[in-house]
Ligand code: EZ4
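First, one chain by itself: the form predicted alone, in structure tokens.
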Amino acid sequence: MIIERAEVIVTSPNRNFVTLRLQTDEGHVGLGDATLNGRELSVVSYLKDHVVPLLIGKDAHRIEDTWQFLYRSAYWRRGPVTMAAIGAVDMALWDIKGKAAGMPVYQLLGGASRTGLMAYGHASGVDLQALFDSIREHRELGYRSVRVQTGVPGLKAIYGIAAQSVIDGGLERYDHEPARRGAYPAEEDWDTRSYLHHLPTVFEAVRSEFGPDLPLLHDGHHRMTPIQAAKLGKSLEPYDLFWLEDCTPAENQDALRLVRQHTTTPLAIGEIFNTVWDFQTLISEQLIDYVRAASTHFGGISPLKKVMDFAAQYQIKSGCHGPTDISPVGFAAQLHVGLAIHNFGIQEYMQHGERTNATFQQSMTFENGLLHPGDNPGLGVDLDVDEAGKYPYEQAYLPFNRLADGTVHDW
């Protein structure tokens, strides 16, 4: 089965997405997600100029060989652009193989290990009342677990708080695309001391309002030093978090040793990692509890399955990155892996907008708090090319932070 055609399709229904579409001589079509939020066109060029010419005429069944060829033959390895491009190829080839076999991808990975995947949603608010309302909304939508992000007194804008925006002439929550469309990134403000003082009071209030049984998560988004992260983890212990995510910049892996020494709050890290080697120390020394890798930025299904098999040896579970900067294609890829592996933990699920769901038709279901990729052959996602063509690319950047004295800080 030979790859005879490859297209790179850019569309912006609710946000920008980059999709690789491969077609074989037997008529099977495979899709792969190559979206790199805020740097989408760099991956478009990498695919069009450097990868697509290498795929035409190749055997679509040789998934592992193709992955190793694209990774090793470039010599300049790793990085989000390279790995997003390779990931798109890998997903598309798994999609094709599933369709050729007449089976969903999770069956090719060993079959289902569970009936569905527990998901968590993003609850947020500028104050406690708005946060409580958001938590109730998510529970009404069926979520059994929620991530809690809150405003901090004295700060005007902060990561994780769903804003309001005028879309199609109406006012609605602007949480489909945290990257704001425009020629320059939006500037937000930050004060770690205020955050560390305020956040434990928020979780105390949430526990008082919603009780001890609701799993609660929080994302620090790389903004703390190791000792600040340790302090926060310890102060949150009374509120029994499911996890504290990205408490300190993950590039400094030694920092997690210090955090581990001071808190028993479970830790999740890895959404900005690109290869299994980024996790080597964190897993082998059991410095984290959940792997946050995303199929889209991690090289696809093949390496995601491998890193989770590695993590399983240390009783570390999955917690794949799943906001709307993962397209429905990349999200489906993660669901197939999560359904098949034994050490699944939880799946982030930030729901896409109506235009995105019309562009990417999905067999995925979300019922009673559980996700399932569906049983259609392949990944279970079809791209409506005509619909995609209605939404051309729009420049968009993620925001950035400055401290009160003007210093650029991690967002």
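Start at 1 with the first residue shown and count on from there. As the structure is a prediction and not an experimental result, all values here were calculated from the model.
One more form of this protein, predicted together with this ligand, exists but is not displayed; see below.
- Heavy atoms within 4.5 Å of this ligand in the predicted bound form map, among the stretches 72-80, 308-316, 256-264, 218-226, onto 218-226 alone.
- The partner is absent here; in the predicted bound form, the one residue of Y195, Y239, Y159, F210 having a heavy atom within 4.5 Å of this ligand is Y159.
- A heavy atom within 4.5 Å of this ligand in the predicted bound form is found for one listed residue only; from P303, G116, P323, G151, this is P323.
- Not displayed here, this ligand is approached by N37 to within 4.5 Å at the level of heavy atoms in the predicted bound form.
- Put simply, L398 is close to this ligand in the predicted bound form: some heavy atom of it is within 4.5 Å.
- By the 4.5 Å heavy atom rule, the three marked residues R147, R292 and W411 all count as contacting this ligand in the predicted bound form.
- For the partner-free chain shown, nothing in 56-90 comes within 4.5 angstroms of this ligand in the predicted bound form, judged by any non-hydrogen atom.
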